[in-house]
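Only one chain is shown below, in structure tokens, and it's the form predicted alone.
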Amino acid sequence: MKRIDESKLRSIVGDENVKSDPADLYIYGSDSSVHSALPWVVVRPDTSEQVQEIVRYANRDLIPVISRGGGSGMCGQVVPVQGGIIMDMKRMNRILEINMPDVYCRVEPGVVDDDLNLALKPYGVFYPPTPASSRIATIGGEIGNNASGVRSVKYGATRDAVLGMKVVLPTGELATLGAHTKVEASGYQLQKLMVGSEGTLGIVVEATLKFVPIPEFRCLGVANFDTLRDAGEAVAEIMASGTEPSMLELVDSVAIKAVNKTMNLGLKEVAAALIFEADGKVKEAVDYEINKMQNICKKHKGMDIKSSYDPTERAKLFMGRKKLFPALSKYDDNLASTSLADDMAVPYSKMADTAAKIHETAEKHNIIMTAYGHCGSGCMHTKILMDTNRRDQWESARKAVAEIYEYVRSIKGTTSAEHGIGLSKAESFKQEKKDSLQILQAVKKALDPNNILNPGKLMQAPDDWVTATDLRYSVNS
């Protein structure tokens, strides 16, 4: 372990913003993934100048630097596999500008997603790429992972909302990327390159984001299905029909049982349910979209179809999906919900087949897996429910993950839709991108020749995610 000059760091950010107690290091050693590794020190900068000074020091002494937001990532992106400095960005949480005439806002990376939308609401606009963790997820973290959310089917992911940014490079230099305009055709789109780079190329200290008007009308509906096949075929036809949903979500029987047990919602325990939404300025246009989706659901044997404009009723209809992630932990008191093969994207026509493959693979390996997600964006989420104390269950999970991602690649899907790669998905990512790995490595080498920014992630991460770090669980033999 290299010697950290804490006095140097304290002179930059102040004594109270440097943490090296074992308890602090333990807290910052994990995120929402299965991984855990201790940093050497935690620093909490407040300005871009402080970030630059820290990075210059780290680059000179070849010390790893991992920038961290809310810690809600599910793949180990901010777990310090090689030790080093965790740079907690949450103090940089200022909304710098809301520019209505030019339709953009400027924010620091520690701004929480929900806080940004709370600030935008009085202006009648919102920032759409809102993940399920929006209560704690920061804009910097969302940029690192190219996060999206339930309305990505209509409004896109983070990469679609980023106009520009200021980034501290591994040398400590400050670079301004992109523009404040909707279109830009000058040279390489470097701001887009930073989105999804998981903090391996630069540290975002300011982001310029576009927003959209809050629609005057929103209508949300639900349809139940006796088979995943019928639900999947309804998804494919909705997306091929020219319909423009603002939300299209799939939940399976495991997910429905979990939310019923946790929240006593009394949902009908069918094989699958679709939640669909349309929004807009004109009610007649929203009615048209909703009716079209309802008719397609009926065509594919959808049952119990209902919809509502009423905000209270919409919230009730959506509650099961909104609370699904924590609810899965209560599916069985003896099983933990783990994030592993959790967010692949597949062609619409393969949604049903992918859901079936997930259940088939789970049964084969004696674990439980759920299939749900933002199916309008082609995103399929899974969680593996298993006894994390048993080593054989981890081995079963390893085999299941490998089989599912092999299938995803075979149908021209992709390893991650919105949660990123980190450590957990490195093996599949490297197989999927084998024709371009040299390009990715060359970009990393060009921008970060000393490999100080979040080393050991993406194409640098080991294939074996089980032994890549300590697991955040006590595993018996």
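All of these numbers come straight from a predicted model, not from anything done at the bench. Each residue number is its position in the shown sequence, starting from 1.
From this point on, the text means the form predicted in complex with another copy of the chain, which you will not see here.
Just one of 447, 37, 42, 63 comes within 4.5 Å of another copy of the chain in the predicted bound form, counting any heavy atom, and that one is 447. Here is the short version: of 332, 97, 353, 313, the single residue with a heavy atom within 4.5 Å of another copy of the chain in the predicted bound form is 97. Looking at 425 to 433, 64 to 72, 27 to 35, 48 to 56, the stretch with residues near another copy of the chain in the predicted bound form, meaning non-hydrogen atoms within 4.5 angstroms, turns out to be 425 to 433. Here the marked residues 81, 134 and 473 all miss another copy of the chain in the predicted bound form; none has a heavy atom within 4.5 angstroms. With a 4.5 Å cutoff on heavy atoms, residue 359 does not count as touching another copy of the chain in the predicted bound form; it lies far away. With a 4.5 Å cutoff on heavy atoms, residue 9 does not count as touching another copy of the chain in the predicted bound form; it lies far away. Although the partner is absent here, residue 410 lies well away from another copy of the chain in the predicted bound form, with no heavy atom inside 4.5 Å. Contact annotation: residue 452 falls outside 4.5 Å of another copy of the chain in the predicted bound form, judged by heavy atom distances.
Contacts of stretch 221 to 242 with another copy of the chain in the predicted bound form, defined by any heavy atom lying within 4.5 Å, are made by 239, 240, 242, listed in sequence order.
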